[in-house]
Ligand code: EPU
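Encoded as C-alpha cells, the following chain is the form predicted on its own, with no partner shown.
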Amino acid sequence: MKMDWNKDLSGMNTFRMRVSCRCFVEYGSVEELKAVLADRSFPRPFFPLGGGSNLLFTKDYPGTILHCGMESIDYLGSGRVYADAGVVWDDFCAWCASKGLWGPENLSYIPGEVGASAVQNIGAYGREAGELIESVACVEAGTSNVVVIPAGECGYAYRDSRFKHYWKGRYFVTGVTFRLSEVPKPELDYGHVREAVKEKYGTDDPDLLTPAMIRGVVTDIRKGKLPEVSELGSAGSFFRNPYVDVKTLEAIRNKAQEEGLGIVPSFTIGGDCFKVPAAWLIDKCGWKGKELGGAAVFEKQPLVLVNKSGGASPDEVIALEEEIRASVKAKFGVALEKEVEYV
C-alpha cells in the first residue's frame, strides 16, 4: 500500500487542476482496501479516483483519495473476462482485441480505468460499457464486505449507473467481469465508423474484420478530433447529448431553418424521444474555439472544454460551462447537462 499526505493531484486528473488532497492511498489488494475503509485515522470522506478523466476538482479535497493499484486481466473462458479496477481502460481494449474478443473495440482510446467504466457507463460509437458488463466486484464501505453485483442491478443508462447516485460512497469497485463475444459482432452504424472502416480496409464484411481493425479505426477517429490529455488538459466530453421530444426537436429545426444553420442531426431513441448532439448545439451557438480566462472550447470538438493556458482555475471552467449552457438554452430551448463530475 502506498500512502501520501497533502498530495498534489495536478498530475492525477486529466484537466490538470492544481489541487491537492489531505491523504492519498493506493491499495494493492482487496484486503488493503478493506483495512483503509475500517481505519478511523484516515480523513473522511473517501473518494475513489481512477484515471481522473471524467471529473473536475473544484477545490482541494479534504478527505482521502483511494486509487486501485491492482492491474490484472484474466480470461475466464466462453468470452468472459475479469479485469481489476486499476487496469487502464485502453489497455483492456487492446488486450481484448489481441485475443479476438468483440465488444470493447468501439470504446478504444477513452481515457480512464476499468473501475470507472462500470461507474460512468462510458460509451462511444454505438456501444456502452454497461452492455458488456456481467458483474461488478466491490467492497462495501460501511461493512467492508466483498460483494459482486450483477449488471442488471446496476441501473445502467446513458452515461449513468446507481454507483453515481444511490450507491455513491457506499461501494468501491475493485474489479469488473465482462461478457464479450468470440464471434464477429462489429458495430459500424454510428457516425462515420463504417465509412472509415471501408476506406481503410476496403470492406465492411464482418467475416473479414477483426476487433483490432475496428479498434484501429476508432482510435484514429478519436485522435483526429479530441485533444491528447498529455498535451492539453481536458475531461473529454463535458456535456451529455440531450434527449428531446418531438415538439422540442421541431422547435430546434425551425430555429435552424430561420438562421440558416443547416440540417439538425438527430437519432431516434424510441417512441417520442430523440437524441440531438450537444456538440452541434454548442457549435451553432458559436462557441468553438472561444476562451474564458485560461479555459476554452476545443477548436476541433465543441463538446470538449480544455485547460488551454495550462493554469486554468476550476472557477474559469465552471464559468465557461455556465455560459455555454445559458446560450444553448436561450437559442434552442434545450437544457444541457454536464457529463463531468464535480468534486
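What you see is a predicted model, and the numbers here were worked out from it, not measured in a lab. The first residue of the sequence shown is number 1, and the count goes up from there.
Not pictured, yet referred to below: the form predicted together with this ligand.
For the residues Gly202, Gly77, Pro265, Gly262, the 4.5 Å heavy atom test against this ligand in the predicted bound form is passed only by Pro265. Leu226 is the sole member of Leu132, Ala137, Val87, Leu226 with a non-hydrogen atom lying within 4.5 angstroms of this ligand in the predicted bound form. This ligand in the predicted bound form comes within 4.5 Å of no heavy atom belonging to Gly233. Among residues of the shown chain, Gly293 is not one whose heavy atoms approach this ligand to within 4.5 Å in the predicted bound form. This ligand is not drawn, but in the predicted bound form it has a heavy atom within 4.5 Å of Ala124. Not displayed here, this ligand is kept clear of Trp167 by more than 4.5 Å at the level of heavy atoms in the predicted bound form. Annotated contacts: Lys2, Gly28 and Leu49 are all free of this ligand in the predicted bound form [non-hydrogen atom within 4.5 angstroms]. Heavy atoms within 4.5 Å of this ligand in the predicted bound form map, among the stretches 67 to 75, 145 to 153, 250 to 258, 158 to 166, onto 158 to 166 alone. In the predicted bound form, the residues of 238 to 267 lying within 4.5 Å of this ligand by at least one heavy atom are, in order, Phe239, Arg240, Asn241, Pro265.
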